[in-house]
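Take a look at this single chain in structure tokens; it is the form predicted alone.
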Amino acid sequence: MLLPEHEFSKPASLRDSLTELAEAGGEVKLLAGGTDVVFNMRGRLFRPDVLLSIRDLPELQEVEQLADGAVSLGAGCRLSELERHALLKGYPGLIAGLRAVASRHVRNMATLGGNLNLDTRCWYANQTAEWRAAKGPCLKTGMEVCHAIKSADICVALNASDIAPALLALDASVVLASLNGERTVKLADYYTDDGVQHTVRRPDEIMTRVLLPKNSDRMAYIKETARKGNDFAYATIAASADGHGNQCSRVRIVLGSLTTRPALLLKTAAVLVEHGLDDTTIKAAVGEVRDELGALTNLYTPAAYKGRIARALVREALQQLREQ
């Protein structure tokens, strides 16, 4: 299917790109790898006035180690380049998250910032234009109704980023640039509960970098999907912990692809920090997952299955951590 009519712009620098964003008179869509944006435009989910390519901006390509030991990753870096980068050898959980994205062919094009800013997905919205026309529009496509939850006042489409849970488990931050300067936002604060306005990035901003704190924690990453390398996840999990064996004083557990924003399980982690990673405590932590996640409402799979897979992934990830 052909793309809807639009203007195309490819500025030579980040400054020029930010200027175009600030001065734009209509809707502008950023294009990096294009593996998601172009597909959704063909499906008529996006109809921007301008497609602004930031694909080859040199300011978005750098990977460097900072003075405090943290690592700065350019948001325009290709996923296949990052998964082989020497500076990420100390982040095996992140490498697993990078390799979980689609196929090698997609990762050769897809970018880090693009994956973190993937549009949210919904069983009702992510269909053909003809299917949506028969069903009728929704909160995500221009009307004040949600087909997933009739009483919802905000969109409950799902966050589909495979990499976000891994970066959240590492307590990463992102850098957003505009003509007014830069601001740094913890990734835990970057996503919202609204499937339409699903990040705090403003229309005049571009994500330029991801900042990884120096890491010595063990980490587990699991993606559950129908067909590896082909489908979006049913669910993902990333979990990190300090210490060894049963001992830990710091734990982060993040579930992805189940809710509108990646779910950071603070109460579940607190059980483990207090009592360790023995079998009894892991069982108790798994028991916290249902209440902490709450209702799982946007149904690519049945709600009961989502609850079961969330608990199973938490159990498996914690057992993997204990073995490291």
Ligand SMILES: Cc1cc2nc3c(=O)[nH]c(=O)nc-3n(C[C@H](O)[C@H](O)[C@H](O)COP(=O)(O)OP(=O)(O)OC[C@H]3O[C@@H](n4cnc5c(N)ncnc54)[C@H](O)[C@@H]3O)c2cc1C
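Residues carry their position along the shown sequence, with the first being 1. None of these values were measured; they are calculated from a predicted model.
Not pictured, yet referred to below: the form predicted together with this ligand.
- A residue is said to contact a partner when one of its heavy atoms sits within 4.5 Å of a partner heavy atom; Gly287 fails this definition for this ligand in the predicted bound form, lying far away.
- Shown alone here, Tyr124 lies farther than 4.5 Å from this ligand in the predicted bound form, counting heavy atoms only.
- Ala263 falls outside the set of residues with a heavy atom inside 4.5 Å of this ligand in the predicted bound form.
- Although the partner is absent here, Thr259 is not a contact residue: none of its heavy atoms lies within 4.5 angstroms of this ligand in the predicted bound form.
- With the partner left out here, this ligand still marks one of 210 to 218, 130 to 138, 248 to 256, 116 to 124 in the predicted bound form; by a 4.5 Å heavy atom cut-off that stretch is 116 to 124.
- This chain appears without its partner; in the predicted bound form, the one residue of Leu170, Ala110, Cys146, Leu82 with a heavy atom within 4.5 Å of this ligand is Ala110.
- This chain lacks the partner; the member of Ala102, Val71, Ala188, Val196 within 4.5 angstroms of this ligand in the predicted bound form by a non-hydrogen atom is Ala102.
- Contacts of stretch 19 to 47 with this ligand in the predicted bound form, defined by any heavy atom lying within 4.5 Å, are made by Lys29, Leu30, Leu31, Ala32, Gly33, Gly34, Thr35, Asp36, Val37, Phe39, listed in sequence order.
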